[in-house]
Ligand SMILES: Cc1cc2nc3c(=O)[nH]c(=O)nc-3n(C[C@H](O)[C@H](O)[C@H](O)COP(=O)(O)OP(=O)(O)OC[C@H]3O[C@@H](n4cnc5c(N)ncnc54)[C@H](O)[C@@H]3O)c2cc1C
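In the block that follows, a single chain appears as structure tokens, in the form predicted on its own.
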Amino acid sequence: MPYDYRPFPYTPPPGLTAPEPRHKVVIVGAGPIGLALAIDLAQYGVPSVVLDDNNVVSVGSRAICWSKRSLEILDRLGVGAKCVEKGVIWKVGRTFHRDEEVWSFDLQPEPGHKMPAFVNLQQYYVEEYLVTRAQDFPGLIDLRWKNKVTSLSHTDHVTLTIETPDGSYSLEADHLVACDGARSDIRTLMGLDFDGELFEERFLIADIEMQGDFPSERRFWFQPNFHPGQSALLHKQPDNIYRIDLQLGWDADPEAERQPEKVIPRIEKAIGHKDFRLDWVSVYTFQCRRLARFVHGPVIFCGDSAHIVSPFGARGGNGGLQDVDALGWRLAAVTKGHDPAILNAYDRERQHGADENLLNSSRTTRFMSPAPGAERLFRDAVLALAGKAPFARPLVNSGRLSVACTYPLTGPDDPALPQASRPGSVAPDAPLAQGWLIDQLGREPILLAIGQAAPEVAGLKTISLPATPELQSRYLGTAKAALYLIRPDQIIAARWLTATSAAIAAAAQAIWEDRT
């Protein structure tokens, strides 16, 4: 059945009748990123006001592929289990040239992780779950629907003018976080624009409802017989909804291509029958662009308001949740009196993450839509060889799927330990005697001792674990014991074979400074 887009209730804000006191944090945009940030801050006891000019979840599936790292973040926010339960779990991707499979991959080849490699779940469900979760924090999350920001000024704080169905009012905040998407009003009001590439290519997205027997995996076609000379993508979603992406070319008229009389015949060719219902259609242009800086004094940009990528690789929504992961604990600390310079580390790290996403997305886009000449010759040669020569198959690029980036941290590191758990990377999950390691980490710095007793460090929580096979392979390698310092966002800050309490304390202090 179609999703029930029930509107959220509008309530006249108090600022319409009397001036409001300055708020610590105002978040603009109640999509997945803004809601996730509000919940993250609330779990630290930090109140926020969330403004959205709409009063319903996003229409259409939009972001659907949620990575293992995003699911871990959503789980820490209290909605991960619901997303996995409702979503379509998958880990295998298959790429075809015409009708021949030329490349496949497994995104999670090893067992022993709480969260799957990927879950397909329509964005409107993720937003619904986050709105419900936000309601668990009365007094900490003030959700204001039908509240549109129309003007903005900032010095050491932010002053907003907000339009509602009952008139306009003013609001002040110590910090404003713009989570209002690719067409960000906040970015426009501040006169900021993206740097990067706008590719001359268009794709049609269609959600269809049908009874299908397609497996729970990603399928991508180059030059399929049902869509000659172009590319196509198929994803299975809950509720018998399937996502189909069809390359159109730059000359396509977006308005004409989204009309049912144009869309339906294309879908019939792709799936081979007419027994389906069209649920949602959109046409998009490839973009790989970002702001030069994400932090502008008291104004912070997060998610698509800060950076935008072409969708192949599922790096948009997943990258936005990684922004939240890097920002929430730092912003919470600043609201409680910490030096605001720590936000520079958010800016630096998430620029690094955005650049990694933009690089991967740009490479995918160039492979899918090569320029005439050498690019097209290379692409066509790779596709021709991939069906016959194994060496060519990894070169087929239909979208390198989102994984958490590794930040270039400078914390203490013993190179004898595994590369997968080096400083800057997400602490790998592992099964424990009771539960999962990932559930023991986060919200505060933690010293993880594996195969040895943890040294005592004032003010630092410690966890000591025996060296199980999973911990051995993911954290120790050939070593018998190790110490890991893990940040509030489950990022490894430092690691040692052995270390003094003083060395650990110094590394823990660096987490809260603008030098890691």
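Computed from a predicted model, the values in this text were never measured in an experiment. Throughout, we count residues from 1 along the sequence that is shown.
Absent from the display: the form predicted together with the named molecule. The rest refers to it.
*Asks:* Quick check on this chain: which one of 317, 411, 442, 353 has a heavy atom within 4.5 Å of the named molecule in the predicted complex?
*Replies:* Exactly one listed residue reaches within 4.5 Å, namely 317.
*Asks:* Please identify the residue among 123, 287, 397, 406 with any heavy atom within 4.5 Å of the named molecule in the predicted complex.
*Replies:* Comparing distances to the named molecule in the predicted complex, the residue within 4.5 Å is 123.
*Asks:* Looking in the predicted complex, is the named molecule within 4.5 Å of a heavy atom from each of 29, 33 and 304?
*Replies:* The answer is yes; 29, 33 and 304 each reach the named molecule.
*Asks:* Work out which of the listed stretches, 262-270, 293-301, 420-428, 307-315, brings a heavy atom within 4.5 angstroms of the named molecule in the predicted complex.
*Replies:* The contacting stretch here is 307-315.
*Asks:* So, in the predicted complex, is residue 87 in contact with the named molecule at a 4.5 angstroms heavy atom limit?
*Replies:* Taking the distances in the predicted complex, the answer for residue 87 is no, it never comes within 4.5 Å of the named molecule.
*Asks:* Can you check whether residue 470 is within 4.5 Å of the named molecule in the predicted complex, heavy atom basis?
*Replies:* Residue 470: no, not in contact with the named molecule in the predicted complex.
*Asks:* I'd like to know whether residue 37 contacts the named molecule in the predicted complex, with contact meaning heavy atoms within 4.5 angstroms.
*Replies:* Answer no; every heavy atom of residue 37 is more than 4.5 Å from the named molecule in the predicted complex.
*Asks:* Give a yes/no on whether residue 148 approaches the named molecule to within 4.5 Å in the predicted complex, heavy atoms considered.
*Replies:* Residue 148: contacts the named molecule in the predicted complex.
*Asks:* Is any part of 196-223 within 4.5 angstroms of the named molecule in the predicted complex by a non-hydrogen atom, and which residues would that be?
*Replies:* The one in contact is 205.
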